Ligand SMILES: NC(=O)c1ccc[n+]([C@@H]2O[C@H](COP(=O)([O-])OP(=O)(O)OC[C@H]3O[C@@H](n4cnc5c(N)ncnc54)[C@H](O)[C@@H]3O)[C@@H](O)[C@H]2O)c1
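In the block that follows, a single chain appears as structure tokens, in the form predicted alone.
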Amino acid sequence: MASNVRYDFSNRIVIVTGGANGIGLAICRRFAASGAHVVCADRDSSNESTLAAEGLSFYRIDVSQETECEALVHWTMQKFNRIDVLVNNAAIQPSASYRPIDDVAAAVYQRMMEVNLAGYFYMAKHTFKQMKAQRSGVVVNIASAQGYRTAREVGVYGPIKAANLMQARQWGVEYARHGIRVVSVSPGAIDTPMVRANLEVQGGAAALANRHPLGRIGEPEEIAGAVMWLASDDASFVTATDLLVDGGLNAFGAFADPYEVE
């Protein structure tokens, strides 16, 4: 769903991890349309030329490696001399993780922890060092409605996303004294390549849509809109908290969900 530009981020510097597709790409495009200089950081470099044509700076990174996260922050500072917004978005949810944890391979668990949890930590750690010197900045963690409301066979992803929520709360308290705000956004099911790749294990597209009271899954641009507001001066008194953008999913409850109740 397209949205008119409502915020002015002219000349602000924004890093978005996992920015090459899905939610991350929508966030990159919204910030760029609002005047920001956007660093799109991702392992997938297949869209690099397209992103460059849109005015986005692409940086190839594996966020599970602290040295690469530190290098990205250093590169951004060298190029722009400040960082105003970090969006921690890079995450994976492989189909091999959709099973009870006694049947999840240790390698799958470890990789998800490295990308979805440690990656957020590494990026925030090195970005905070720069934001402290500026005495300003906003960090947004993309968490998940599954951090609140679980289901069968998400015993790795759900707890990690709950940890992303707590990262934002704790960091928000820790860094408020330095003029830095930290928040999170928890999407419901969103039409992204990752969600589409796992439709079968979630009962199909119709079942997934019907779990949301609005009767559909969300669009990446709807998450981007929430991120834009949280990063803007309109949200200047908002920190150490989460914004659910889940189509009412968490309010619906498991009793109304035929997929979860046998």
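Quick note: we count residues from 1 along the sequence shown, nothing fancier. Everything numeric here is computed off the predicted structure, so don't read it as measured data.
Missing here is the form predicted in complex with the named molecule; even so, the following discussion is about that form.
- Of the heavy atoms in Lys161, some are within 4.5 Å of the named molecule in the predicted bound form.
- Taking the partner from the other structure, the named molecule in the predicted bound form has no heavy atom within 4.5 Å of any heavy atom of Met123.
- Although the partner is absent here, Trp171 is not a contact residue: none of its heavy atoms lies within 4.5 angstroms of the named molecule in the predicted bound form.
- For the chain shown alone, Ile13 is not a contact residue for the named molecule in the predicted bound form, no non-hydrogen atom being within 4.5 angstroms.
- In summary, the region of this chain contacting the named molecule in the predicted bound form, judged by heavy atoms within 4.5 Å and restricted to 30 to 38, 191 to 199, 49 to 57, 228 to 236, corresponds to 191 to 199.
- A heavy atom within 4.5 Å of the named molecule in the predicted bound form is found for one listed residue only; from Leu165, Val154, Val115, Met77, this is Val115.
- In the predicted bound form, the residues of 130 to 166 lying within 4.5 Å of the named molecule by at least one heavy atom are, in order, Ile142, Ala143, Ser144, Tyr157, Lys161.
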